[in-house]
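Quick heads-up: it's one chain on its own, the form predicted on its own, in structure tokens.
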Amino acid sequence: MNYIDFKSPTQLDEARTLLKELGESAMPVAGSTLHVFLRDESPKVAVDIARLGLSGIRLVDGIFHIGATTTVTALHEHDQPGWVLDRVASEFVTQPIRNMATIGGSSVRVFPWSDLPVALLALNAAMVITGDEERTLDAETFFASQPFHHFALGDLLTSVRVPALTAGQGFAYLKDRRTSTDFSRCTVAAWLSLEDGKIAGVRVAVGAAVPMPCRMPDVEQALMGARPGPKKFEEAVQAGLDTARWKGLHGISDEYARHLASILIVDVLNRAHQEAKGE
């Protein structure tokens, strides 16, 4: 990125006014950990949104309200019943990056290897955009394409809302990479709900091995109402695997990406099932 100036507003309205006035030359920044991957070299004015009071995690009526500038370290350190994003944050590259990266920045610009969008899709998160009016988009709509397309001039992602895990529900998250600091080759998350020993709800999301993080609707459909177990999970994954367009990264083939995903999806479903049972 080619920054030629830096603005540091302290109020949300002030930041939104600056973004509108600067137009296409403005770039909202917080942790700025992803900007090295952006290839736009046109002159930009950085508008720092880290001082707008958009950090913090609050549980309100069973929903975690997470400010957009909350760091990944804060996600990792938060400890409260029903909270699961610490599991995702613990797999997030290195501690210095966790200290700078924010949940908002990691959601607005998405790369194939992005961690948080996969988990947010599985957890049925809601993304709150503040513009002239406040809008809330479900994660599936928000991540259907590059999320910045949802933003008009002056709009900002201000909050992410994630339902707390409750009794009878389980969540699991896995990513495959060659080293602890390497990009993911396949990232998978699953949320599962049990009722009378059967699957009453399930969401499975994948990333890295596909062009954009996405859910696996055919896998989910094959599991609804079924009695869960390793064999059923394997059958559902094989039946629904080819609804995604598999794309190998970092030296692996498309075929291997598909195979890797098939293993990880079964693993996360088994882990989510164990947690839903209280084990």
Partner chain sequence: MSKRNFNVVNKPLRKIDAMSLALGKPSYVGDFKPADALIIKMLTSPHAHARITSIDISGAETMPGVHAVLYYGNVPRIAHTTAGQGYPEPSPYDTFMFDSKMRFVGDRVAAVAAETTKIAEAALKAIKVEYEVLQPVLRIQDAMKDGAPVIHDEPEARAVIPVPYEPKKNMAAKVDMEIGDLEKGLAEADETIDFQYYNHYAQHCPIEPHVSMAWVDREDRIIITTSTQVPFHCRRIVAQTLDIPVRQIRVIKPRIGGGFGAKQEIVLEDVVAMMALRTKRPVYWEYTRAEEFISSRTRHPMLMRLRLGAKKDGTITAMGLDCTSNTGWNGSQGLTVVCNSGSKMLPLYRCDNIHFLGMAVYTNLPAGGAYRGYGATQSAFAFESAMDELADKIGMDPLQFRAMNHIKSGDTSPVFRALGEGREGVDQAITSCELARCIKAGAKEIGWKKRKPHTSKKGRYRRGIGMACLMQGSAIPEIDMGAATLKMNEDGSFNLLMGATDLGTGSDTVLAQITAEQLGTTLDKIIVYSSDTDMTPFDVGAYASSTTYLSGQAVQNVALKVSKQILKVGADMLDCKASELKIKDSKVVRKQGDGEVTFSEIALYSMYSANQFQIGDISSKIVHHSPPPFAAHFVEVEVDTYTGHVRVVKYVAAADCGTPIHPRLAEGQVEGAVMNGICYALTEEYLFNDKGRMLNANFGDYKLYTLSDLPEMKTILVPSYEKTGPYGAKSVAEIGINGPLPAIANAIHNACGVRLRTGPFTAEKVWRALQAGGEIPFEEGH
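Residue numbers count along the first chain shown, from 1. Predicted, not measured: the structure shown is a model, and the values here were computed from it.
Although it is not shown, the form predicted together with its partner chain is what the next lines describe.
Comparing 155-163, 72-80, 173-181, 129-137 against its partner chain in the model of the complex, the single stretch with non-hydrogen atoms within 4.5 angstroms of it is 173-181. For the chain shown alone, L12 is not a contact residue for its partner chain in the model of the complex, no non-hydrogen atom being within 4.5 angstroms.
At the 4.5 Å threshold, heavy atoms of I63 stay clear of its partner chain in the model of the complex, well away from it. Not displayed here, its partner chain is kept clear of R51 by more than 4.5 Å at the level of heavy atoms in the model of the complex.
Looking at L260, you'd find a heavy atom of it within 4.5 angstroms of its partner chain in the model of the complex.
The single contact residue among L59, A239, M224, I252, judged by any heavy atom lying within 4.5 Å of its partner chain in the model of the complex, is I252.
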